[in-house]
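Presented below, as structure tokens, is a lone chain in the form predicted on its own.
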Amino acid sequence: MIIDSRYSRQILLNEIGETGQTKINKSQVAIVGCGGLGAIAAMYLAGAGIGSIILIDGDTPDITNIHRQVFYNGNETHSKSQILGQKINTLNPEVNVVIESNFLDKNNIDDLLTGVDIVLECTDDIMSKYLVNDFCAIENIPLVYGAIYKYEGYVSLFRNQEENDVHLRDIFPEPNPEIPTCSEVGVYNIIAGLIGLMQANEALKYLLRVGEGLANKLLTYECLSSKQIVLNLKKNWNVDLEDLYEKTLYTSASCASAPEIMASQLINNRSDYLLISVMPKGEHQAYDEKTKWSEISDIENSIKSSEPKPIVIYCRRGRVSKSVVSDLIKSNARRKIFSLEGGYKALQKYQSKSAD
């Protein structure tokens, strides 16, 4: 069998060789989330010669992402999965890239993940992590877990092949909606790159069946001290996962109750709504001169002092505003308050389409 010379340096390694390279070339990997972790993992897996890579992300790059998501520039209008797919095609045209420009949910997860050899979970959304974990555990799909917090990172391999194989719920039985995202508490860019590479490493080791993997272990790494710890894990969660999966929506309970409005409806009826931004002050972008801004901590006062119009609240992508609106409607039952679906990004996208 003739193998592309681009892989010659790793074929020289005894643990890989031509046999191992053939395994890599025939493998299919799914990457959920193409941000700081997923983008770096995807590029190195493509460089190694993974035969097929499924990229799943409905988000578009934002300038606040770029310090850790170095394959984007922040001005793109296409999804991260589309942009990353193009870069992979340039790096290694031999890789078959499958693009999914929608976020993963219960409606599309079966079609996207069934049949892959391994999944890398690279999002910063807590409910997405549990959705992917539970589906992969039920379907016996190996999963590489990765997460970051400020200067710290976490990696594990959930093999999902044997009864005693540990998965996410053995470590954290239930999702904690109070865990902040990178946009809320900040993140050190280096940790994103390190954890993404560690996830790619775990995937390759598993596909090649070489080295010592992180199955039933959790690796933690802290950048400021350069300390790395590997914890041994035990199976301790024995609830009927299939039953739980069927009953769970995998959306935040608070966000599920928040009414939303689409960008098109807001723009086409702009005079009917009071528009308030809750984006961080340093990142705030006003839609027009009538747009108001409020800190989340002061949003109640902003609403009480506002004119009696339906209110639309927006953030960058629509997630924070949904949580804000969900809390507001509990104490402002008589006011019509909406979250802007897709946030400021949706406004930009709609305006761009209208201009075309």
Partner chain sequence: MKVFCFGMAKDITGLSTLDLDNESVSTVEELKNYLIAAYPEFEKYKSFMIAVNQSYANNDLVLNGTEEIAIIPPVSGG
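Numbering follows the first chain given and starts at 1. Here the structure is a predicted model, which is why all the values come from computation and not from measurement.
Just so you know, the form predicted together with its partner chain exists too; it's not on screen, but the next bit is about it.
Colleague: Identify, from the list Lys205, Lys106, Lys150, His284, the residue with a heavy atom within 4.5 Å of its partner chain in the model of the complex.
Modeller: Comparing distances to its partner chain in the model of the complex, the residue within 4.5 Å is Lys150.
Colleague: Exactly one of Ser79, Thr123, Ser277, Asn133 has a non-hydrogen atom within 4.5 Å of its partner chain in the model of the complex; which residue is it?
Modeller: Partner contact (heavy atom, 4.5 Å) among the options: Thr123.
Colleague: All three of Gly20, Tyr44 and Gln86 touching its partner chain in the model of the complex at 4.5 Å, heavy atom to heavy atom?
Modeller: Judged in the model of the complex, none of Gly20, Tyr44 and Gln86 sits within 4.5 Å of its partner chain.
Colleague: Within a 4.5 Å heavy atom cut-off, is Pro180 in contact with its partner chain in the model of the complex?
Modeller: Yes.
Colleague: Look up in the model of the complex whether Gly49 has a non-hydrogen atom within 4.5 angstroms of its partner chain, and give yes or no.
Modeller: Residue-level check for Gly49: no, no contact with its partner chain.
Colleague: Quick check on Thr220: any heavy atom within 4.5 Å of its partner chain in the model of the complex?
Modeller: Close contact exists here: in the model of the complex, Thr220 approaches its partner chain to within 4.5 Å, heavy atoms only.
Colleague: Whether Leu233 contacts its partner chain in the model of the complex should be assessed with a 4.5 Å heavy atom distance threshold; does it?
Modeller: Leu233: contacts its partner chain in the model of the complex.
Colleague: Only one of these stretches, 312-320, 298-306, 49-57, 29-37, has heavy atoms within 4.5 Å of its partner chain in the model of the complex; which one is it?
Modeller: So the stretch in question is 29-37.
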